[in-house]
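Next comes just one chain, in structure tokens: the form predicted alone.
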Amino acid sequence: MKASIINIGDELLIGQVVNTNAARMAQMLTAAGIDVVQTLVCPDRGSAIADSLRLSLSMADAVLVTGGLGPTKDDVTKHTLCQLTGSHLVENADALANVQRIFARRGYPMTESNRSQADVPHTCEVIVNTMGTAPCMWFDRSHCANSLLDDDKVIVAMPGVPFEMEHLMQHCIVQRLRTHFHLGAIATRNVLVQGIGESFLSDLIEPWELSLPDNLKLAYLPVAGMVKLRLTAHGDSFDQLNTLIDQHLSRLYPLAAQYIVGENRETLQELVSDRFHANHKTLSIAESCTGGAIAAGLTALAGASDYLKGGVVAYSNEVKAGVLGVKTATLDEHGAVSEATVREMVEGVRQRLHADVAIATTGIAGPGGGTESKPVGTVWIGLADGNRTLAKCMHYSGPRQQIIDRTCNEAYAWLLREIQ
């Protein structure tokens, strides 16, 4: 089964808004075993939307559209769909009840413009969007009498608000597509690898990769300082597919065990959260060059308050000394970016925040500030657990954000390796 994605909006075309919908939709469809063959961005013009839909239908079985469903004059997606499907707008009772519920909950009066959100082409099937006022619309051959939707082809029109789209995709659309197109079972497994580059990893596991059966595919998904291996298996039985993945993963570990930090999660911070919840330990963080990014990655996940005591962004030497207890003599003799300083930082934050474990960073993220002895990309990371204090130096290259991201992933991976 093939799918095409159309994201509508002038703001997307001119770069005013980053088109995160395309990436997230493609990820969710691919994970469900649906082949994404095209992604288009088009302006809020009826002719452009119509042309994009016709092109996408010539290439794909399902076309997923976001945007242009609001109550303002530049939202023309519904009108375009009416023209293409030989339809007219009608007020849908379920969609209207949802709009009324949302405005009542917010305590706002509902205007006629808001009420028009419940107007939909009569040729569609409405899927109520409980997260917002614009309903999702499903078009297939059973509702459309003209030749736009030949055979079993489908158009799904969703709101462009990212969290509304994602909720609809996750809780309804993906499964409905799989049912409509009678797709077989699919099983996926992520393996998170850190400490080795993508090309080196590929060379290391090449014999194993070449031995994979035709229904088990491997994808390399590199992120800053790590690689996510995604195994996707297709077949008739979920149990059989998961057993197949288990069998082949057991042959991967002898080759790459030293670099594998976890499975079945999308990010390292998810694995860190799992680890600290499982071992009932607490964590504190002191950050200089990462500026709070390590803590932000963890607190973005629900349940962080169960184990994370807190963090200190010790960007200046005054804060390193006054808050974390780094000795002035240490800073004067060794500098802020040094083994001695990061050791005192990590010990200080663990003791002051009364945590079982602590992690700390100090470095030069650039683009300025480097010296011959400490060039841009020099980073020290410290770890303390009450019994030992460890420190290591990393040397990164690239722009500032990449250095920060790689430092964060190195810190997460080090916690996973050292804290059991």
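Heads up: residue numbers just count along the shown sequence, starting at 1. Predicted model, so just to flag it, every value in this text is computed and none were measured.
The same protein also has a form predicted in complex with another copy of the chain, omitted here; what follows describes it.
Partner-contacting position among L301, A185, V128, V90 - heavy atom within 4.5 Å of another copy of the chain in the predicted complex: Of the candidates L301, A185, V128, V90, L301 is the one lying within 4.5 Å of another copy of the chain in the predicted complex.
Interface residue in the predicted complex among A293, L231, L271, L331, criterion: non-hydrogen atom within 4.5 angstroms of another copy of the chain: Only one listed residue qualifies here, and that residue is A293.
In the predicted complex, segment of 273-281, 218-226, 135-143, 71-79 with a heavy atom within 4.5 Å of another copy of the chain: Result of the contact check: 218-226.
Touches another copy of the chain in the predicted complex: V41 (any heavy atom, 4.5 Å): Flag for V41 set to yes.
Distance check, V376 to another copy of the chain in the predicted complex, heavy atom within 4.5 Å: Outside the cut-off, so no.
is_contact(S305, another copy of the chain) in the predicted complex, heavy atom dist at most 4.5 Å: S305 belongs to the contact set for another copy of the chain.
Contact test in the predicted complex: S316 vs another copy of the chain, heavy atoms, 4.5 Å: Yes, S316 is a contact residue.
Residues within 4.5 Å of another copy of the chain in the predicted complex, restricted to 341-369 and counted by heavy atom: The stretch 341-369, when checked against another copy of the chain in the predicted complex, contributes R352, L353, H354, G366, P367 at the 4.5 Å heavy-atom cut-off.
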